[in-house]
Every structure is written in structure tokens, then in C-alpha cells.
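One chain comes next, on its own, written out as C-alpha cells in the form predicted alone.
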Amino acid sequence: MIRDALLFQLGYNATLVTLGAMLLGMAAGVGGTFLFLRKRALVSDAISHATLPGVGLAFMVMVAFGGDGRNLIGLLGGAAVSAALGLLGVAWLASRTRLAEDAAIGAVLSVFFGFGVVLLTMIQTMSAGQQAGLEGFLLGSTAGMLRSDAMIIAGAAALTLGLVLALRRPLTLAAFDPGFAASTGLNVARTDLAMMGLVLAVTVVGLKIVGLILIVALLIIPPVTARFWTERTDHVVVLSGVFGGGAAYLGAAFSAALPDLPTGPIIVLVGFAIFAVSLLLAPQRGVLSAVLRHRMFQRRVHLRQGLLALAQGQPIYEPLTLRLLRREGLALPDGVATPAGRARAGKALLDETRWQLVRQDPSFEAAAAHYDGLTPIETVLTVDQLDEIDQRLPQPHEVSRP
């Protein structure tokens, strides 16, 4: 069953839902990147929670006019209007009052969400309309989704993804350096508004699949995951789209193959699994990489301290230091230096003396900043500078250079 879902062999409707979820994940990942870079991730939380009263009011209005209260276009339209009002409320509170943006977000989030819950409670008591299924907008649900609904979501997600990609350059510039962006003639306020509009669009489109509570995770987890793998903004954007689309595709496929599993939470859990793997295994920023770099650093420190001890004729008591020296062929089991060890130890002591002279001379201030006890002095000073330092040594040494 899962293999059939992954290969789009569970029927036309299930295929549409999976493709729509994948496009939504890509749009959310790419759009969320600019929220992440702009350090405004909490805004997405306010937008998503502000959609709930719009869904409830749209249902009640459609029922009042004799229509189908569960018409997806009407519900998403109401959610968009409500979310836009919530976003404007956050902007007004942050700019016209003494409230910080995070406090404004908390106020709008709680008020709008509370109002939405009240409306849903009232809808449950209505005799008219078909209110069953509205709770799916909280956590997402694809069960019973019509083909027309799936096509609407897939088309809207594709359009949103296209808009995000078209605006990625001004969004990136405004996210990194608003001052420079303004000096180039870019309207930063309008660019921020466009970014919020795209986030609003992603949120509204994703309500049916992921739900308003979990859409925030789909906006934030992919860019955070992508940041583990690269330092370049354009690569973060691409990887974020790939991770978001992959998580949504796998989550929707699993949900289609196992109908008892809710779509939105499964998508978020798959996204978190990708995040956890990146956190552990990313080559530069991953935990495993950091642990290995730390261990390598510790070994280099032990080896250097051991060489200095050999050069000064001091006993070595640290087992790890002695083990590293023996492994490198620099010392015998009893701690006596080998011929190669004596040469390396003499060079280490010479370099340490050189570094002390460099650090005492104000004219070498820039070079002294590179001293950490491990950096070879030849990579910092020129040959002429080394000759100048060697002339100040308290006694003659044989200088060996690579």
C-alpha cells in the first residue's frame, strides 16, 4: 500500500492530494525561508491562528444565503480575509503602540483563535448546513476530500510557489540588509508586505491539508533544516523547498496508504525526522560533525603538549597523550622520544618560543591574533618575518621550514 501511494497508484484523487501537498510543502519551505532570514517566524503563527474565525464566519454566511457551507473556495476566502485582518492588527499594534511585535502577535493570536473557537462551537449547534468536517481545518484532513477540492489546492499551491520564486531576489535583499535594500531603491515596507502576503497564501492553501495549528511547522522546519547543510542563501531556498516538498509528499503518501493516520501531523513528523537527521549528520553544522571536530581538536592539543614535554625532558603522565605520541611514532612505550619525536619536539619548542616573541612585539599585533597554540607559525609569517624573529632568539636554533 505504501509503495503504491509513493508511486501515485492509489487513484486519481489520492494522486492529486499527494501532488497538491508536495507543491504546498515546496511553497511553504521556500516562503518560510524569508520569514526565517527576516527573523519573523512568529508572524506565521499569528496568521495561521487568525484564519479560524474567517472559516467559521464564511461557513455561517454561506449557510445564511442558502449555499453549501463547506464550499472550499468560500472557506479559504474567509480564512484569507480573517488572516489579513489579523496581520494588519499585528502591524498596527507594533507600530502605533508601545507593544513589541512578539507581544502584538500573542494578543492577536489569542483573540482571533478564541473567537474562532467560539464560532465553531456555535456552528455545532446550528440545524442548517453541513458543519461536519470543519474541525479538519485545525489539524488538517484529506479524508473525504473531493476531486475539485484537491485540484483547487494543487493549483493554488503551484501558483503560490511560482510567486515566491519570482520574488525571491528582492525578498532575499530585504531579509539580509534592509538598509542597503532601501539605498538601492527597493521599497522594503512593500517587500515585507509581499512576504507576508505569500505566507498568508501558503497558510490559507494549507489549511485543508495541514491545518492552521501545524502549518507553522511546515513554514519553519524546512528552512531551519536547510540551514544545517549550506551557508549560501540561494542554496537554503532550494533545499528548503526540497525538504518541504519531500516531507509533504511522504506524509501525504503515508496518510493515503494508511487512512487512519491524519495527514497534517504525519507531514510535520516526517519534516521533523528530516530535521533530526540533518541536526545529527550535516557535515558542517551537525552534532556528529561538531563532536568529531572537538575530538580532533583535543587530540591536537594533547599531541602538542606531549611534544613540548618531550622537548623539555618532562615526564608524560596523561595516558591519551602518550598513546597519541606512540601512535605517531614519536615516543616509546616508556615515554622516551624517538629520533622523529626529538625532531618534532624541538620544532614545537622553537615555534612556541617564536610565538612568544611575536606576541610581545606590537608590530606583529595582527599576526599575534592568530595564535592558538596549534596554528603553524609558517602559515602566518613570511620568510623574512621569521628570519627577523629568529635573530631575537635567546640562543641559536636550527630553523626547519617546510
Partner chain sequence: MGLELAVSDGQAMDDHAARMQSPLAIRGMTVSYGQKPAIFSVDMTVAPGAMTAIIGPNGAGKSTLLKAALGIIAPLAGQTLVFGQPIRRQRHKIAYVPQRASVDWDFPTRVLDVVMMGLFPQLGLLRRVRAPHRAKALACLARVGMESFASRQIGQLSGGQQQRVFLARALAQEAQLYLLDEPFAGVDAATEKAIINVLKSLRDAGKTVVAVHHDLSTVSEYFDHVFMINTRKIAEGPLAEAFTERTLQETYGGRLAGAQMDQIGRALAAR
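Numbering follows the first chain given and starts at 1. All of these numbers come straight from a predicted model, not from anything done at the bench. Heads up, when I say rigid core I mean the largest set of C-alphas that superpose within 1.5 Å between the two forms.
Keep in mind the form predicted together with its partner chain is missing from the figure; the text below concerns it.
Novice: Given that its partner chain is left out here, which of Thr321, Thr172, Thr191, Ser278 has a heavy atom within 4.5 Å of it in the predicted bound form?
Specialist: The residue in contact is Thr172.
Novice: May I ask you to choose, among Gln298, Ser110, Ser148, Thr233, the residue with a heavy atom within 4.5 Å of its partner chain in the predicted bound form?
Specialist: Answer to the contact question: Thr233.
Novice: Going by a heavy atom distance of 4.5 Å, is Asp372 a contact of its partner chain in the predicted bound form?
Specialist: So Asp372 does not count as contacting its partner chain.
Novice: Is His302 a contact residue for its partner chain in the predicted bound form, using a 4.5 Å heavy atom cut-off?
Specialist: No - in the predicted bound form, heavy atoms of His302 and its partner chain never come within 4.5 Å of each other.
Novice: Does Val358 make contact with its partner chain in the predicted bound form, using a 4.5 Å heavy atom cut-off?
Specialist: It does not: once its partner chain is placed as it appears in the predicted bound form, Val358 has no heavy atom within 4.5 Å of it.
Novice: Within 4.5 Å, heavy atoms only: does Thr121 come near its partner chain in the predicted bound form?
Specialist: So Thr121 does not count as contacting its partner chain.
Novice: Counting only heavy atoms and a 4.5 Å cutoff, which of 193-201, 113-121, 179-187, 308-316 contacts its partner chain in the predicted bound form?
Specialist: Going by heavy atoms within 4.5 Å, the stretch is 179-187.
Novice: Which residues in 268-289 have a heavy atom within 4.5 Å of its partner chain in the predicted bound form?
Specialist: Stretch hits: a single one, Arg285.
Novice: Can a Cα shift of no less than 2 Å be assigned to Phe364 between the shown form and the other one, given superposition on the rigid core?
Specialist: Where the cores coincide, Phe364 still shows a C-alpha shift between the shown form and the other one that is 2 Å or more.
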